[in-house]
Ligand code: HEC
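Shown below, as structure tokens, is a lone chain in the form predicted alone; questions about how it binds or moves come after it.
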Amino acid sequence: MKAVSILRPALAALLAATAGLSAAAGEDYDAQTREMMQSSFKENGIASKYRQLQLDFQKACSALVPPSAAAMKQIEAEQMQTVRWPDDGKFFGDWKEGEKIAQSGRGLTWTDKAGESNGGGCYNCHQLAPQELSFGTIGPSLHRYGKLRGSDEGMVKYTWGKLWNAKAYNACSQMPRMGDAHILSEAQIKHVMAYLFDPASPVNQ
């Protein structure tokens, strides 16, 4: 018992020292990582160093300590201001085009040409149509999205806003800012909206 009581203070001191070293090392590693990224990444075509810049809300959500509830609400309010509603007031396009966009993962690489259409890559995180054999589960299933949720004005606007900038509804959402980050165009988002809501879409079967 005496040996245990003697070891406890020593163990506590060792753990405290290790924690301090880990914190210091973590800060050094962060700086080294940023320097390495800046020096080793070369701009090529549409792939520029701009992608390495973290926006304020991204820094907050990447921190070791998650943002407080109040900070989350502030970020969401700020991001809501970036949501751009359809210029013509129409939220829906062609669901068949939306299906192609949702199932396409192309775009945003250095081999793509500026101005070419990107895919949405929605299948990477969501189940959409029942016939899909492989899909991601990071996000919830969207099967029967419109059938289960309805298509009243509030749901339609929520879905548009979520596609445009998911951070407006969940500050640290892992969902890409499809519209705000210029991944999809307004016309493409309209097509994806139709894919989610149209009764004839495979999503709602």
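So that the term is clear: the rigid core is the largest set of C-alpha atoms that superpose within 1.5 Å between two forms. Numbering starts at 1 and follows the sequence shown. None of these values were measured; they are calculated from a predicted model.
Absent from the display: the form predicted in complex with ligand HEC. The rest refers to it.
Identify which of Ile138, Leu55, Met36, Leu148 has a heavy atom within 4.5 Å of ligand HEC in the predicted bound form; exactly one of them does.
Going through each option in turn, the one that passes is Ile138.
Ligand HEC is absent from this chain, but in the predicted bound form, do Gln74, Val83 and Gly161 each have a non-hydrogen atom within 4.5 Å of it?
No, because Gln74, Val83 and Gly161 lack any heavy atom that approaches ligand HEC to within 4.5 Å in the predicted bound form.
Does Gly121 reach ligand HEC in the predicted bound form, with heavy atoms at most 4.5 Å apart?
Within the cut-off, so yes.
Looking at the partner-bound form in the predicted bound form, is Ser48 within 4.5 Å of ligand HEC by any heavy atom?
Output for Ser48 is no: heavy atoms all beyond 4.5 Å of ligand HEC.
Within a 4.5 Å heavy atom cut-off, is Ala60 in contact with ligand HEC in the predicted bound form?
Ala60 lies outside the contact set for ligand HEC.
Using 4.5 Å between non-hydrogen atoms, is Gln174 touching ligand HEC in the predicted bound form?
Answer yes; at least one heavy atom of Gln174 falls within 4.5 Å of ligand HEC in the predicted bound form.
Looking at ligand HEC in the predicted bound form, which residues in 166 to 205 have at least one heavy atom within 4.5 Å of it?
Those in contact are Asn170, Ser173, Gln174, Met175, Pro176, Met178, Leu184, Val192, Leu196.
Please state whether Gln81 has a C-alpha shift of 2 Å or more between the shown form and the other one, with the rigid core used for the fit.
Result for Gln81: no, shift under 2 Å.
So, does Asn124 move by 2 Å or more at the CA between the shown form and the other one, with the core held fixed?
No: Asn124 shifts by under 2 Å between the shown form and the other one.
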